[in-house]
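This document opens with one chain alone, in C-alpha cells, the form predicted alone.
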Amino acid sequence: MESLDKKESLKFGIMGGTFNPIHYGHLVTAEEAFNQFKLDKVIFMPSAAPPHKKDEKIISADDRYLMTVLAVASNKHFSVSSLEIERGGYSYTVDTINALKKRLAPNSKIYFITGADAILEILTWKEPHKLIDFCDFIAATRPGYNLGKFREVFSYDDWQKFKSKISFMEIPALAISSTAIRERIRKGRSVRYLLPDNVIDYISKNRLYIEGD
C-alpha cells in the first residue's frame, strides 16, 4: 500500500469492493463522492475473499487488483491499495478501516463508499457498531431508489445510531453491474463503454470470464 503521511490530516474515501471486474459505475461513484464530499483522495480497496460472496466464483485477487490499477491510472485523485489482498483471508471492513486509521493522522476522516444495498446488510457485517465509530458511509443509490427500505430493515434504536453516519448519493451509472458485464463476456457480447478500454484489453488478453476457462 502507498505510504500515508501520519502528520497530514485529510479526508479519505475508501472504495471497497470485489471489482470483478471494475467498471464505469464504480469510477463514476468514486468521482462523485470525491467532488460532493470534498475528499482529498479515494483509495480503491479490492477485497481478498469477500465473506458475503463465499459461493460465487471470483477470479484471482491479483487480476482484480491489476484491473483496478489500470482503471484508475489516469485520475490523480485515485489510488489502489493491496492491503486486504496482502492480509489474505476474508476481507472484513472493520479490520481494514482499523488498519487504515493506524496509518493516518489522528484527526483524519474516513468515508467508506459502497452501494445502498450493501448498507442495508450492515448489521450482518463484522462488528458493525464498532465500524460506525471508525468511519462515515457514503451510500450510492440508483435514481428512484426507495430509501424507506432502511426504516424497514433497521430497528428504531439502530437507525438512530446509524443514520447520522450515512450519507446518500444518487448515481445514474449504477445501472451498470459487474454481474451483467461477466454475463455479456461469457456470451461474447460487447462490453465497450461499460468499463475502461485498458480493462477490456486485460480481460481479453487473459481470457477472464470465458465459459469453460
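The model shown is predicted, which means the values in this text are computed figures rather than measured ones. Counting begins at 1, following the sequence as shown.
Omitted from view is the form predicted in complex with a small molecule, to which the following refers.
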Original post:
183 to 191, 42 to 50, 151 to 159, 66 to 74: which one contacts the small molecule in the predicted bound form at 4.5 Å, heavy atom to heavy atom?
Top reply: 42 to 50
**OP:** State yes or no: in the predicted bound form, is some non-hydrogen atom of residue 167 no more than 4.5 angstroms from a non-hydrogen atom of the small molecule?
**Re:** no
**OP:** Using a 4.5 Å heavy atom cut-off, state whether residue 134 contacts the small molecule in the predicted bound form.
**Re:** no
Original post:
Taking 4.5 angstroms as the cut-off for heavy atoms, does residue 79 touch the small molecule in the predicted bound form?
Top reply: no
Original post:
Is the gap between residue 104 and the small molecule in the predicted bound form 4.5 Å or less for some heavy atom pair?
Top reply: no
